[in-house]
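A single chain comes next, written as structure tokens; it is the form predicted alone.
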């Protein structure tokens, strides 16, 4: 049966590691997706060129035509200006210095492009399609290489004065903590991100040869946060302590967010969220111990539902939020 042709949305997720494209129909159904490595070292123009080639190839594979494209949604690491669509030097996208992404996409495709921070995009996606459905006050956290967040208040995304709200990874949770990539010290990201967990594991494993983290195959892998999770699940005491410390710091950060924002639900996504009880049990326990009972009693802390597709659903959510109909 031939697919009925109608306006479709192109959803673009731009990350430092991978580029993902999704094509959605007018009813928000996912028609197809494609992913390639970013190769960020190639610079913004070449990365965008390859991204456009990927998108156009997917559109052709689906039997669609450019004339059917209604709009483009984009989720991208910040800092960025969500109105002008200019990207301002994200740490994971070298060379993207005041890069006019919105303008370039609109010039190429001939339709409006809408751009937002990837954590904001993910928060809106979870609100529309995932764990946040039915909630108006949501605090979304992404935990992977770094830590970010999106804040939804009274049903709407909160972007802040210059589109920089939600830098959860850079709240200070340890006065004399380690130096962060942002230049600060004691940031949550420097203590509990995937990068921080892996860094601590490499340092501590060298001092504790009895840990499985210092033995093969872990010792051959360069030790990632994923390795620490695997070792903790095997019962390794060092791995369990490293992950527990990280989860407690996140719990402290969430306690602060709960007191400040009074959300109905805290949703945790990103690769580390798939650690299950290793992550969620100590987070919930820390919040229970540290948060005011009356406030904490109204909030749920749950894993995200959209998994690896959150980026493209987030880009779709950006397009829907900025341009509800077309």
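These figures come from a predicted structure and were not determined experimentally. Positions refer to the first chain, counted from 1.
What comes next is about the form predicted together with another copy of the chain, which is not displayed.
Residue contact check for residue 168: one or more of its heavy atoms lie within 4.5 Å of another copy of the chain in the predicted complex.
Although the partner is absent here, residue 183 lies within 4.5 Å of another copy of the chain in the predicted complex, judged by heavy atoms.
Though the partner is left out of this view, residue 252 does reach within 4.5 Å of another copy of the chain in the predicted complex, counting heavy atoms only. For residue 153, a non-hydrogen atom is located within 4.5 Å of another copy of the chain in the predicted complex, even though that partner is not displayed. Annotated contact segment (heavy atom within 4.5 Å of another copy of the chain in the predicted complex): 240-248, selected among 122-130, 240-248, 69-77, 99-107. Just one of 256, 224, 145, 112 comes within 4.5 Å of another copy of the chain in the predicted complex, counting any heavy atom, and that one is 256. Looking at 115-143, the residues that come within 4.5 Å of another copy of the chain in the predicted complex, counting any heavy atom, are 137, 139.
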